[in-house]
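Next up: just one chain, as structure tokens, the form predicted alone.
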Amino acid sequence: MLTELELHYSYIFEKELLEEISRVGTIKEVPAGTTIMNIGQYIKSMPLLIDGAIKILREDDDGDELLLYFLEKGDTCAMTMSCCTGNKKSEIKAVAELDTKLVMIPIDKMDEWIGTYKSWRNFVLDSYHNRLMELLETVDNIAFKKMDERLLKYLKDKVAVTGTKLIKSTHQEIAYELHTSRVVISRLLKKLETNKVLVLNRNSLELL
């Protein structure tokens, strides 16, 4: 574990903190599509991403979802931190976008390290700031962008996170994450294909 932590977090944390994380943390590996955290769940540990990607979603009373942002290697979720420190139920849903490896840190270490390690305190504050900026971007997209612009940004974000231009999602899955209907997504994807932005396949598409 220490070798992987040094690979992905040595530019953030000092050696002493990396060694302590390796002593108290546990490795968790989850395949793509696995729900890591559900709304209403109490959180017992905080994740640090070693490999893969996680999508963070909100859910309304009808069960419809909206994608908020992605977490990648070197990230953690500020909302998870908030729930950990306040012993509150999760307000978000976290699903593995790719096969993902995490280091799970006991919540009692969070406050202790904030007082002990400056790098950890800065990491926590930076995480809050970065996730807030991503949330504001999501709000701006919903409020000010047309659905075709939101769809194209969503597809580009997927490519950036997965590292491949082949997106293995159905029209219905994309519609869920953008909180719209499958009919709207299918129409807009067909338009993008006509404009040679992408190629549609069965249950997947490729961004050109």
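This structure is a prediction, so every number in the text was calculated from the model and none was measured. Start at 1 with the first residue shown and count on from there.
Omitted from view is the form predicted in complex with the DNA, to which the following refers.
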Heavy atom of each of 37, 44 and 76 within 4.5 Å of the DNA in the model of the complex: no
Options 28-36, 52-60, 168-176, 136-144; stretch whose heavy atom lies within 4.5 Å of the DNA in the model of the complex: 168-176
Partner proximity in the model of the complex: residue 164 to the DNA, non-hydrogen atom cutoff 4.5 Å: no
Interface membership of residue 198, the DNA in the model of the complex, 4.5 Å heavy atom rule: no
Heavy atom of residue 186 within 4.5 Å of the DNA in the model of the complex: yes
4.5 Å heavy atom contact, residue 182 and the DNA in the model of the complex: yes
